[in-house]
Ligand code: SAJ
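Just one chain is shown here, as structure tokens, and it is the form predicted alone.
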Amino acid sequence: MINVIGLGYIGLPTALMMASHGVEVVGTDYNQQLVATLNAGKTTFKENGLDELFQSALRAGIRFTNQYQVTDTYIVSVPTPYDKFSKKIDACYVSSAVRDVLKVCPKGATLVIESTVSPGTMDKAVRPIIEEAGLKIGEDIHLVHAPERIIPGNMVFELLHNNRTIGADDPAIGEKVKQAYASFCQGKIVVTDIQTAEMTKVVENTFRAVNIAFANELAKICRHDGMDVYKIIEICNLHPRVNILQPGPGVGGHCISVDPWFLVGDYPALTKVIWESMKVNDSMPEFVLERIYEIMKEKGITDLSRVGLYGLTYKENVDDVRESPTLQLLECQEKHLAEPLKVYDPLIKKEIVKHQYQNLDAFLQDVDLVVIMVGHDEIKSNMDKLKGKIVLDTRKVCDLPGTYTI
């Protein structure tokens, strides 16, 4: 049996996938309401294919509880936030989960850390806890790091098809854990050492963040001199060795917007390119806000209450608002002591900001300038409703004449 610890955006799909492919799984989370919801037969967030996977796992006998189990394998998949000032990872949730596992696990159990951590975290934050408990790593506890590699909006598909990395002190234990993931993973699974596994996950997301920063900086350059950044990128990408990404209103989620800071926090003197790239990405919400003010002045709009932001999530067609560029923009606006803008997102039913609407038509009726912050399918299929509105499209999804871009 495998006990999956943490039933959030990563832990829950992992537990469901393993259970659906013949592995006996018990999911554990400290959040009693979350566990109660799962035991009532309902998922806790929206994701393509997740409900079907959930039903399959239920039929296979998956169980959910607040209690840690006595078993031979644990997968820890809890959040790893970072300190926004020091840029260092906060491994408190991982440390807490490890301590709780050690209270119940039998001798020889395997502890798999799936949470994304910065290079060296296993040595600094996990091994000491095991040693302080009087346990010997490699005999009493086998330590493994198997970082997740999936993205909201496509989790189920990527769990099945993405390649994976298993880092282990003992290659034989690594192969054992590999077999557990191979129960469902159709991609290549590489077994390596723990530090390499830590580094590869963070480097993957850092690579993407740096490339996004280049596109965002290019957008700023082109805006300065009145050039069309999208046309320039389109032409440049005709070159067989060039693949420039699209600029946007900022970077959100708990991977690209966070993981690179782990490297900056641990290696401040060695990460100049990463540091500058992250600053560029973090500056984009304020850049969009300045663009809004420019358009308001050009169009003679004097009332901020007539400006609306479409989209609260960090990317299209997911209900995840972690590190959302829209929330960052609103925070920036609040610092300017300005009246909050109107906001609408079809996927966020709970009111999380001021002046949040729950209906597209009502939202559009009350605004003159619509800022598309997220390219949900809903807005793509309702472009006709934007006719007569001033539109600032930060995602390049609107083809109406006169549309403004960043």
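All residue numbers refer to positions in the sequence shown, first residue = 1. Just so you know, these numbers come straight off a predicted model, no measurement behind them.
Absent from the display: the form predicted in complex with the ligand. The rest refers to it.
Only one of 169, 319, 140, 204 comes within 4.5 Å of the ligand in the model of the complex through a heavy atom, and that residue is 204. This chain lacks the partner; the member of 248, 119, 174, 308 within 4.5 angstroms of the ligand in the model of the complex by a non-hydrogen atom is 248. Looking at residue 223, you'd find every heavy atom of it more than 4.5 angstroms from the ligand in the model of the complex. In the model of the complex, the ligand stays beyond 4.5 Å of every heavy atom belonging to residue 198.
Shown alone here, residue 314 lies within 4.5 Å of the ligand in the model of the complex, counting heavy atoms only. Interface membership of residue 285, defined by any non-hydrogen atom within 4.5 Å of the ligand in the model of the complex, is ruled out.
The chain is drawn here without the ligand; in the model of the complex, the stretch among 91-99, 119-127, 248-256, 263-271 whose residues come within 4.5 Å of it by any heavy atom is 248-256.
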